[in-house]
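As structure tokens, one chain now follows by itself in the form predicted alone.
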Amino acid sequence: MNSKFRIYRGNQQKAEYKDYEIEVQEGMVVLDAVHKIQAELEPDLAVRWNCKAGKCGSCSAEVNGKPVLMCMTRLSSLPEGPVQIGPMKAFPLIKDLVTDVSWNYEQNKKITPFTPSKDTVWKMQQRDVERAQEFRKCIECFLCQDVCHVLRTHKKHDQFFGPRFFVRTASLDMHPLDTVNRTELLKEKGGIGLCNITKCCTEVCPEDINITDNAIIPMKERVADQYYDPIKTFWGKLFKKNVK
């Protein structure tokens, strides 16, 4: 059976969608089709991939306009008609389906790492382990970053960490042995106030991390408590203290 595909080809200077038609077989995923086109029709087609098992996060792309992992998206799950495959739109294009995601690693450097006290007793309750374990599942596919309107539409990369790094911060803040208060970081450099909790990041997460409810909302509440609580503000003015 033959199927049609429209794949984004080019670089930042010039790019457009190009049509292809190949024979597909039952059980194929989008990445299989891209590899077949690469092998038979376009040997210079650029695509990033590694494990083909949904665990490395390398093959992120937009299929029919939705950010997905190509290796986990079966062709049979897509509607009839040409399958459109394009690069993530939140990051600069390198070539074809490959984008420059290095900005994400620069954001990670801004987050204060895990910092236990010098006299830490290395014991934890199982419930504390489970609370942060969800966030450890992140494979850094950056689909949540790609779908986030703050980055994708408004291009506020200089003001906003994005969902992936709110998850990273949450994994540290909810660790019972960590001693750092990262609330100011979230408010100032992280720009967590820009998030309007549309939950689009949660919807595209291939690891089913509840990014919005379990990571972002609790941290937004923490920022609100520390900076905008009216009682704290009142007592701060009363005693002439600079409450942060």
Partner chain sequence: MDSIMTNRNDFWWLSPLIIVIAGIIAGGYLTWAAFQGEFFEWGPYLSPVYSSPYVPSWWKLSPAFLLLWIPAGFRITCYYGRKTYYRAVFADPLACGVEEPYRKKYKGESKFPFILQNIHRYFLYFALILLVLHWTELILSVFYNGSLYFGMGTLIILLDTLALSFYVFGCHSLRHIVGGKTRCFSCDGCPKKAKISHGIWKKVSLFNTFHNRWFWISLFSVGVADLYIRLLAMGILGSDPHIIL
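Only a predicted model underlies this, so the values are computations on that prediction, with no experimental measurement involved. Residue numbers count along the first chain shown, from 1.
Beyond the structure shown, there is the form predicted together with the partner chain, which is absent from this document and is the topic of what follows.
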query	finding
The partner chain: the contacting residue among Lys110, Lys155, Arg74, Lys137 in the predicted complex [heavy atom, 4.5 Å]	Lys155
Position in contact with the partner chain when the complex is considered in the predicted complex, options Leu185, Val180, Leu31, Ala46, heavy atoms within 4.5 Å	Val180
Output flag, Asn50, Pro92 and Val98 jointly within 4.5 Å of the partner chain in the predicted complex, heavy atom basis	no
Among 52-60, 36-44, 23-31, 209-217, the region lying within 4.5 Å of the partner chain in the predicted complex by heavy atom distance	209-217
Close approach of Arg168 to the partner chain in the predicted complex, 4.5 Å, heavy atom	no
Non-hydrogen atom contact Lys118 with the partner chain in the predicted complex at 4.5 angstroms	no
Contact of Gln133 with the partner chain in the predicted complex (heavy atom, 4.5 Å)	no
Residue contact check: Met88 to the partner chain in the predicted complex, 4.5 Å heavy atom	no
Sequence-ordered residues of 184-212 touching the partner chain in the predicted complex, heavy atom within 4.5 Å	Gly193, Leu194, Cys195, Asn196, Ile197, Thr198, Lys199, Cys200, Glu203
